[in-house]
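Shown next as structure tokens: one chain only, the form predicted alone.
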């Protein structure tokens, strides 16, 4: 990997690690409460006491930004974790077994792919109602077909390798071959998809919260903070700029990390001679 690419990957990993740490200990990083309203400090600009200013209820924006990292990170990792577990399991199995199971699984994935992911999530969330658990499950359902296709394609490639054919010739059972040979060697593309899926999940959670279908006020989320802040763009732009930049930085971090992992794990992406 070229040095400049390596540094971009390190920067992406640092941004992701920072987001995880902030999500874990965010409320302890700043003395101001994220929920206390102070009518004497409505829409104050950035200051030493409020480095990012205050919102329309006098609440400290820095505290809300730190606390708001938690739902974004929890939803992203929870949804991608569910999608990875379900999609990778099904994809590896049907890619290894083939036949009718493969055809049925791929047609189900095609049906889900027929709908834009965010639109499908909006429709389901409107039915089941907004909550953190529902967000995780719905986004997990939306992203499962992506992992299913990636894992299936990788399993199909691994299944043609000589060590798999050797295991078959030695009499190993189909499920032993899947568990010992196909699944472990099909994981590299899945790891890259996890990183890219996390960035999409952060965006989706923010979009759903922005539209009122995700995390509900007064609990802070970058999406609902952005929704509230856009009403005061002319007189207090910091209300929208802060959560918007946080979303952009975290998404950029996941994308840089994903690009670096792809180049590291995929020999075809490496420069010649390395």
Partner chain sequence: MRALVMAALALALVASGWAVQAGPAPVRFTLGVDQEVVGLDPHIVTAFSSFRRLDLLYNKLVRYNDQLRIEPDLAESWETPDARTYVFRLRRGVRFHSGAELTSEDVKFSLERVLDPATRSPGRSYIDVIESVETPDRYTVRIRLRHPLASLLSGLASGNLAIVEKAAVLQHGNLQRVVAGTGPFMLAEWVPDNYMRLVRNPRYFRRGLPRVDEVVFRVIPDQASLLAGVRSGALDMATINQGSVVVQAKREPGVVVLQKPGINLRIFSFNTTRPPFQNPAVRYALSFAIDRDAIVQTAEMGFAEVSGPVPASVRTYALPVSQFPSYRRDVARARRMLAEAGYPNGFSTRIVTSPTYEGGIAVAQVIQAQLREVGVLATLEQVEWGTYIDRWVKRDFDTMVELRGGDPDPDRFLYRTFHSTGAVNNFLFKDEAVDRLLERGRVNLDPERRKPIYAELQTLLVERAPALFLYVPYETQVLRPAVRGFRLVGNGSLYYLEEVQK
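Please read all numbers here as calculations on a predicted model, not as lab measurements. Positions refer to the first chain, counted from 1.
In what follows, reference is made to the form predicted in complex with the partner chain, a form of this protein that is not presented.
Visitor: Since only the chain is shown here, I'm wondering whether residue 47 would be in contact with the partner chain in the predicted bound form (any heavy atom pair within 4.5 Å).
Guide: So residue 47 does not count as contacting the partner chain.
Visitor: With a 4.5 Å heavy atom cut-off, would you call residue 228 a contact of the partner chain in the predicted bound form?
Guide: Because a heavy atom of residue 228 falls inside 4.5 Å of the partner chain in the predicted bound form, the answer is yes.
Visitor: Quick check on residue 235: any heavy atom within 4.5 Å of the partner chain in the predicted bound form?
Guide: Residue 235: contacts the partner chain in the predicted bound form.
Visitor: Is residue 59 close to the partner chain in the predicted bound form, meaning a heavy atom pair under 4.5 Å apart or at it?
Guide: The answer is yes: residue 59 has a heavy atom within 4.5 Å of the partner chain.
Visitor: Looking at 65-73, 244-252, 23-31, 215-223, which stretch has residues with any non-hydrogen atom within 4.5 Å of the partner chain in the predicted bound form?
Guide: In short, 215-223.
Visitor: Suppose contact means any heavy atom within 4.5 Å; which members of 147-183 contact the partner chain in the predicted bound form?
Guide: Read in sequence order, no residue approaches the partner chain (within 4.5 Å, in the predicted bound form).
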